[in-house]
Each structure stands twice: as structure tokens, then as C-alpha cells.
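Coming up is one lone chain in C-alpha cells, specifically the form predicted alone.
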Amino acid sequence: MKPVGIVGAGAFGKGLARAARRAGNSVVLFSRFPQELGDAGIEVVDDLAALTRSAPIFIAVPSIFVGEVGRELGAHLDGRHLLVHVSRGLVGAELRTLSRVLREVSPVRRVGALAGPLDAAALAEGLPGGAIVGSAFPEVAAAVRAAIGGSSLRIYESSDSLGVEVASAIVGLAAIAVGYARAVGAGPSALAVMVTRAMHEAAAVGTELGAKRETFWGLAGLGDLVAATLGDGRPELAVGEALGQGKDVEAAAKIAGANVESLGLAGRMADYAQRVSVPAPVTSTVARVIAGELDTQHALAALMARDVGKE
């Protein structure tokens, strides 16, 4: 069997490596810095060319680096390879997906996105959970299932890759809102109103971009947001909580201890929603909080904003 390839030795990359080992696979893990994982089945390399014998290859780096890494890695790949990214990011003012970016910068056509209620700690520890692969190619989902799936980690699939990636990105924004709302005293009822509004926003923005509305009510959207609301420990929650306690963005990011894609995405997502005339109070409020334009009282009111009428 070919080893599972992973680019990026952050918490999520290491979690994927542990999951792949539990599934009975060997792993080739690319890291620019020395790593000691204490597992002979995980080969740590500093040369991307070493990943050419891997299937699939997971890209576990922040979205701002995906284009650069994809281009560098792509120099060693061809159409036989499979790429799967795990980022919640979208690129540019037009909100391009990272699957699209990887196809643009590499010769690989069979690309997918791993999303849903996954977190690094759960992956590393083997806690029961689920995820979804968005890809137009069924063999990509099958390869991910073989790479990390098992009795405790169920891997679902969707051909609506665009919807999966947009849903994942917007859930990241909503998770910041959840952490913020909790920090300023919102209770279960208020949170329920807010996250319902957030999912309607996600579906509306997603369909404007060309995604299927139903994708947002599945594991990539609603399922992921439920996990965040229940407090699954993802870094976006920590960022939101820190912002709600009055800390600035830099301090909040440091507390989270991880790269939070949503901090850079919020403003671009809010601008896009405004351009296409999609009401997005949760997204725009998160963007304004990050920009330091709202105090806690006005921010909570904006997060709760919703037209009263028929459901």
C-alpha cells in the first residue's frame, strides 16, 4: 500500500498522521522543521519530492500558503496523484476555493476538501467523530476513507466541493461569533437564534457562489456548526471568547495558539455579501468586531439581528 502523504506538521497535520496510523497506514509527513513523533511508521521528510509515492496527499497548511505549497509540490506531481486540503480559507475578494487554487497551480486535477466537525485533538486521540470530503471525484473520497477512516471516524462524501468549502469557511466565522457571544453573556436561546441566522447566511452566500443550498444543512455546515456551538475546543471559539473579553485581534490570535483563517476572511466575506445584496448580519458583525468597530453591547445586538416574521 502507498503511504499517506501529509504536507504540514502543525497540530492538524500531526492529527492526520495519527489517524492514518490507526487506520493501518504508513505516513510520509513533510515538515520544514525537525519533528520527533515517536512512531517508526511516520517518516518525517523535508523534501516535497518524497511525497510523490503517497496517496492521497493532504495539504494541512494555512490558506495563505496553499498556493505556494501547491505550486512547489506540483512540480513533482502529475495527473495520477490525489490532493486533499483541510483549510477553512477562501482566497481573494471573489472567494476562490482552495481546491480551485490547487488545480490552478499544479497538474493535479483530482482534488478535494476535508471538512466537517473535525479537530486536531480528536484526530490525534482517536475520539469518535465524522467528516466529509467534497470532491467531484469519488476516488478522492474513497482514498481519504482508506487513509484515515475507521470505526471511530466516519468519512462521508459530497460532489458539491464548492458548497463544502464555503460552508466550512463560514462555519469558522460563526464559531468566532459563538465564542464572542458566550463571553458577553449570551444564553442558549440567544445562541440558537444566532447560529440559525448564520446557517441561513451561509446558504445564501453559497448559492450566490454556485453551491447547492442543501450542502449547508449537512455535515460541512450545520453539523460542523453544532459541534462548535457545543464547544469542541476549536481555535475560532478561543478567538471569539478573547475578543468578547475585550482583547485585541493580535492577543486573541495568540491565545488561540493556531492560525485562524476566519480572521482574514471575515471582511472579504462581508464585502462579498454586500456586493451581491445578501443580508449577512453575523458575518458583518464578526468583521466589524475584528476591525475594532463595535463594542460588546452593540455587537451582541447585531449578532442577534434577524427579521421577525415567518420562519
Partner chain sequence: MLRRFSENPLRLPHLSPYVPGPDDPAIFWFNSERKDIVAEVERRVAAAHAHDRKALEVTLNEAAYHEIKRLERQRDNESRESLGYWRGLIRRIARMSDAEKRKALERTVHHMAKDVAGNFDTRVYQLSTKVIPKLLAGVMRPSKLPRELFNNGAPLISELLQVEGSIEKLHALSKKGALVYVPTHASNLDSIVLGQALEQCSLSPVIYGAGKNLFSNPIISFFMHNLGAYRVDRRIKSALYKELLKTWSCVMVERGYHSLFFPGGTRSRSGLIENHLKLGLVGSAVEAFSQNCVRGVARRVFFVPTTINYALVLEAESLVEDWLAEEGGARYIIEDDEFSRVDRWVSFFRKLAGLDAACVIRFGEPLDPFGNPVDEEGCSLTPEGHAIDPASYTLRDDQPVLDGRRDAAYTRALGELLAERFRSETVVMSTQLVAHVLFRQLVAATPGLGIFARLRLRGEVSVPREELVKQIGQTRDALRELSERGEIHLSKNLREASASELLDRALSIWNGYHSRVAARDLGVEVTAEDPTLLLYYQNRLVAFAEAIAPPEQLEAAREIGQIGVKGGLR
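Positions refer to the first chain, counted from 1. Computed from a prediction, not measured in an experiment: that's the story for all the values here.
This next part talks about the form predicted together with its partner chain, which is not shown.
- Only one of the listed residues (276, 40, 64, 49) places a non-hydrogen atom within 4.5 angstroms of its partner chain in the predicted bound form, and that residue is 276.
- Scanning 92, 138, 231, 187 against its partner chain in the predicted bound form with a 4.5 Å heavy atom cut-off leaves one residue, 138.
- Among residues of the shown chain, residue 71 is one whose heavy atoms approach its partner chain to within 4.5 Å in the predicted bound form.
- Under a 4.5 angstroms non-hydrogen atom cutoff, its partner chain in the predicted bound form lacks residue 193 among its neighbouring residues.
- Shown alone here, residue 183 lies farther than 4.5 Å from its partner chain in the predicted bound form, counting heavy atoms only.
- Its partner chain is not drawn, but in the predicted bound form it has a heavy atom within 4.5 Å of residue 208.
- For a residue to qualify, one of its non-hydrogen atoms must sit within 4.5 Å of its partner chain in the predicted bound form; all three of 78, 100 and 105 qualify.
- Of the candidate stretches 106 to 114, 124 to 132, 213 to 221, 174 to 182, only 106 to 114 contains residues with a heavy atom within 4.5 Å of its partner chain in the predicted bound form.
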